[in-house]
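Form predicted on its own, single chain, as structure tokens, below.
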């Protein structure tokens, strides 16, 4: 499969926000930014995550393109249930994909490099499935709630209150521009942030 074919599946130049599915026996899903530049594609995965361990071991995964904000938020902060996955056969393996994705591309890792904090790899597209060719306009509420989720993970890592202000700005856009699923995702995110605040406050109290 050629890199140029990725356009047909929604993975274009720049950083594409996808949900990565990995783990052939115990499937896991997590949002990541997939980098496409100069006819090459890369990922960076940080140590300590199930996704990191799965990809390090199997060296193969699926990148799922979806417009569903609930899938992004739920896969950021919890494990998706088995009912959300389907399996695609490739070279005697069964690769987990999201059932309700617009498209899914299977990648194999190549030129893996490890640092103390992360693993980077050039990735090679092996196969792809398109499930939904219906056009969909960009919704600012969707992009804003995804950005808010990114800020929430950074707040949990750093405890820096500036990320809470950024989250508020993003979710204000979601409330103005989003549909019901975007607003439902924002509500779930707010509940998660309340729990993160407790953990951050507890961590500061023990310093």
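Positions refer to the first chain, counted from 1. As the structure is a computational prediction, the values presented were derived from the model and not from experiment.
Heads up, the form predicted in complex with a small molecule isn't pictured, but that's what we're talking about next.
Highlighted residues 32, 76 and 146: every one comes within 4.5 Å of the small molecule in the model of the complex, counting any heavy atom. Using a 4.5 angstroms limit between non-hydrogen atoms, residue 140 is distant from the small molecule in the model of the complex. Taking the partner from the other structure, the small molecule in the model of the complex has no heavy atom within 4.5 Å of any heavy atom of residue 66. The closest heavy atom approach of residue 45 to the small molecule in the model of the complex falls within 4.5 Å. With a 4.5 Å cutoff on heavy atoms, residue 26 does not count as touching the small molecule in the model of the complex; it lies far away. Checking 160-168, 37-45, 56-64, 174-182 against the small molecule in the model of the complex, the stretch whose residues place heavy atoms within 4.5 Å of it is 37-45. 17 is the sole member of 13, 187, 195, 17 with a non-hydrogen atom lying within 4.5 angstroms of the small molecule in the model of the complex.
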